[in-house]
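Only one chain is shown below, in C-alpha cells, and it's the form predicted alone.
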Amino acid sequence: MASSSHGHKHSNGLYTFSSRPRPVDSSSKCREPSSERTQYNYGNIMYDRRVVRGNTHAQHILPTTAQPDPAETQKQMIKKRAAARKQAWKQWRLRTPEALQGRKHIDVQTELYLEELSDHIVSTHAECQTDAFLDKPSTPLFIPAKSGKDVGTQIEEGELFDFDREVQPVLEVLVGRTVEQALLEVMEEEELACLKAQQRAFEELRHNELAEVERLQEQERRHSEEKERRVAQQKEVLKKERETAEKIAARAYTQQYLADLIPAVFTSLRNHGYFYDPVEKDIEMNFFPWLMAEVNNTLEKRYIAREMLDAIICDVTEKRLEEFKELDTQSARDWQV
C-alpha cells in the first residue's frame, strides 16, 4: 500500500505536514535478500533511519590535530586480526562438495532428539484500546473583581508560628539527608574501589590473553614459514630431479644421434680434403711447385742456349756462304783471265 505525504504552507507563514497512515508489514523470520526488500518512502523524518536523534552536545568529537589512542588502535588491530583469522578459517575449512547433476542437498538433523521443523512462523494477534479523548474541562466560574475595603487584625507572638517547635522537623530532615548522603558517598567509594579491583583483574586477564594470542600468532607464523620453507625445498628438489632427468634424456638422445652422425661427418670431411697426410700435403704444396719451377728454369735456359747456338750457327753459315761466293767469283774471274 503506497503512502503519500502532503505539506501545506498557509498564508500566515506557518507550515503543516501530514502523512497518510499505512499498515505494518508482517516481517518474516529470515532476512530477505537486498534485491527483494521493500523500498519505503518515509513520510515522517522521525522514522527515517538517516536522521540522527538525540543530544549532539555530548558527542565526543576529536580535533583534527589529536593523536589516536594507542589502546583503541590496539583494539582495532586485534579485531582486524580476528576477522582475518575467521576469514582464513572459512576459506581453508572443508566444505560439502557440490551436488551431482539432478540432485540437491537437504538439511538433516543430527541431534539425539528429533524436532519437528515447520516453515510456518507462529504468529499471534494482539489488540489494544487507546483511551477515549478527554472532554474539554468546564469553564471556570466568573468571579467579579473585589470591591470594598480590607480589614486587618493583630496577631501576637507565638500564636501562629513557634520557631523552636517548627524547626525540629526541618533539622531532622537536614541531618537525615546529610547522613544519608554521607552513607551514599561511602558506599560509592567502596563500589568504586571494587570496580577498580575488578578492572585491574580484567586488565591482567586481558593482558594474559593478549600475550597468549601473540604467542599463538607467533607460533602460527613460525609454522607457516617452516611450511613454506619445506615446500620451497621440495619444489627445488623436484626441479633438480626434473632437470637431471632432462639432461640424461638429452645425453642419451645426443649419443644415439651422434652414433651415425660422426662417421658420416668424418667421411664427408675426408672426401672434401679436410683430413690429409702431412708428407703428401707437403710434397704437393711445396715440393712439386719447387720442382716445376726448377724444371721451367732449366728448360728456359736450354731454350735460350739453343736460340743463341742457332743464331751463332746462322751467322757462321752466312759468313761462310759469303766467303764461298767471293771465292767462286774470284775463281771465275781467274778462269776468264
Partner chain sequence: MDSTRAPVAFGRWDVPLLFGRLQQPEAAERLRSLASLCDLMRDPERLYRTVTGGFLEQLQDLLKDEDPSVRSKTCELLHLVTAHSIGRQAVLSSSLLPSLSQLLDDSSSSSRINALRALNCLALLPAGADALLCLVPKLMLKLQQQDGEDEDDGDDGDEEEVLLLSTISCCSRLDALPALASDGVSLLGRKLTRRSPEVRREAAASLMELSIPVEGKRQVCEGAVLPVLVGLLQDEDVDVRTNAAGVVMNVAIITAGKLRCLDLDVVPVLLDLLSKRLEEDERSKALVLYSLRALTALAEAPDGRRLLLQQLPLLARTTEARHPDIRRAAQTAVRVVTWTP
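Numbering follows the first chain given and starts at 1. Given the structure is predicted, the values throughout are model-derived calculations rather than measurements.
What follows is about the form predicted together with the partner chain, which we do not show.
A single residue from the set Asp119, Glu188, Glu228, Glu246 has any heavy atom within 4.5 angstroms of the partner chain in the predicted complex; that residue is Glu188.
Contact annotation: of the candidates His105, His207, Lys240, Lys136, the single residue with a non-hydrogen atom within 4.5 angstroms of the partner chain in the predicted complex is His207. Candidate site formed by Glu318, Asp328 and Asp334: none of these residues places a non-hydrogen atom within 4.5 angstroms of the partner chain in the predicted complex. The stretch among 199 to 207, 249 to 257, 126 to 134, 141 to 149 whose residues place heavy atoms within 4.5 Å of the partner chain in the predicted complex is 199 to 207.
Contact check for Glu218: a heavy atom falls within 4.5 Å of the partner chain in the predicted complex.
Among residues of the shown chain, Glu115 is not one whose heavy atoms approach the partner chain to within 4.5 Å in the predicted complex. Within this chain, Glu212 lines the site of the partner chain in the predicted complex, having a heavy atom no more than 4.5 Å away. Using a 4.5 angstroms threshold between heavy atoms, Lys235 stays clear of the partner chain in the predicted complex.
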